[in-house]
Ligand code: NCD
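For reference, the chain that follows is the form predicted alone, supplied as structure tokens.
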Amino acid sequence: MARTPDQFPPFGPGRHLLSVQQLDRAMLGQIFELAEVVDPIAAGTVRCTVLDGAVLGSLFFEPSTRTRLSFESAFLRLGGEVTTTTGFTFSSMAKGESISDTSRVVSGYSDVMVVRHPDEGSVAEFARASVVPVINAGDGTGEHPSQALLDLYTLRTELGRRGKSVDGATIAIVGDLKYGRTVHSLMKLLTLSRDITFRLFSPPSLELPVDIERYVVERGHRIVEADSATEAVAGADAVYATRVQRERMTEEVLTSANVTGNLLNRAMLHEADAEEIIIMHPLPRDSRMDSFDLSTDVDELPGLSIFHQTDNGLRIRMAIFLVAMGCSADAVKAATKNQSWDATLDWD
């Protein structure tokens, strides 16, 4: 019987990262420590060659901006090289080649692979045929482990600035909870923390899947259903908003969900006395009129953290590569030197 992502061994050197269920608190600590080590490399103030000679196979069969570019930039920042393909049109899969054959071929050209695919479970299929570690960059409505890691790292950092901990936090999650794989992965990963309260709001027919709810509750955390985004954010430490995954829905589901207007805006936060709340979003954010997403009128609020998330994505993905390829913090420091150009200049 084929293994599901959560049945693969714990993440570590030479191993795939397909699901947050492969992580424990010790591994979180290692990844977050490495993210701190690579901070000046991510900022471009120093140069690192720890992955000199290594090749990343970047396979994205679904549209992506942040995830693809941050993974590829992370590998390049560490001194590696990148080969890439995007979409089915420019892949032999358009000719009928199987996932298994594609994976075996491309992994033979690579030292590690990053894969995004629109079908849930497909990245695990890539992993089964690969001869190198495979990192899941999103598989349909399944999981997005690197996003969950950067989200947790950001949440930990932002709460820490306020003298708080993730343990015991109250997190509001609003938007498309059914198809939003970032929500699924983050909630699973947060169960490694202690005493979390989730306050959820979603439109009709876009509720959190029962299996995710069960996973959270069985691990001792609380879920509170709210009737509105305003009610969900009231009293919460942070809010995680998600766009409607229209590309995964039928017209019937979209109609029943009635997703128009604002999901969350400044007026709602004011009504909930939550204008200081930490505001997170995995992006992309649909900024069009009546898109039912996080409004841009929250962008000047002090708790806005969505761009901290994108910056942290580079650090976390660098750390993931370092773990998968068995590179220690000492190896990174030994392969780092001053940059020959000034990355701190203010560009006009």
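Note that residue numbering begins at 1 and tracks the sequence as displayed. Bear in mind that the values here come from a model prediction, so they are computed numbers and not experimental data.
Although it is not shown, the form predicted in complex with this ligand is what the next lines describe.
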{"query": "Pro284: touches this ligand in the predicted complex, heavy atom cutoff 4.5 angstroms", "finding": "yes"}
{"query": "Distance check, Asn312 to this ligand in the predicted complex, heavy atom within 4.5 Å", "finding": "no"}
{"query": "4.5 angstroms heavy atom contact with this ligand in the predicted complex for Arg243", "finding": "yes"}
{"query": "Thr154, heavy atom within 4.5 angstroms of this ligand in the predicted complex", "finding": "no"}
{"query": "Site check Ser58, His117 and Asn136: each within 4.5 Å of this ligand in the predicted complex by heavy atom", "finding": "no"}
{"query": "Answer option from Ser103, Ser202, Gln147, Ser110, heavy atom within 4.5 Å of this ligand in the predicted complex", "finding": "Gln147"}
{"query": "Location of this ligand contact in the predicted complex, chosen stretch of 202-210, 180-188, 224-232, 120-128 [non-hydrogen atom, 4.5 Å]", "finding": "180-188"}
{"query": "Any residue of 40-69 that, in the predicted complex, places a heavy atom within 4.5 Å of this ligand", "finding": "Arg66, Thr67"}
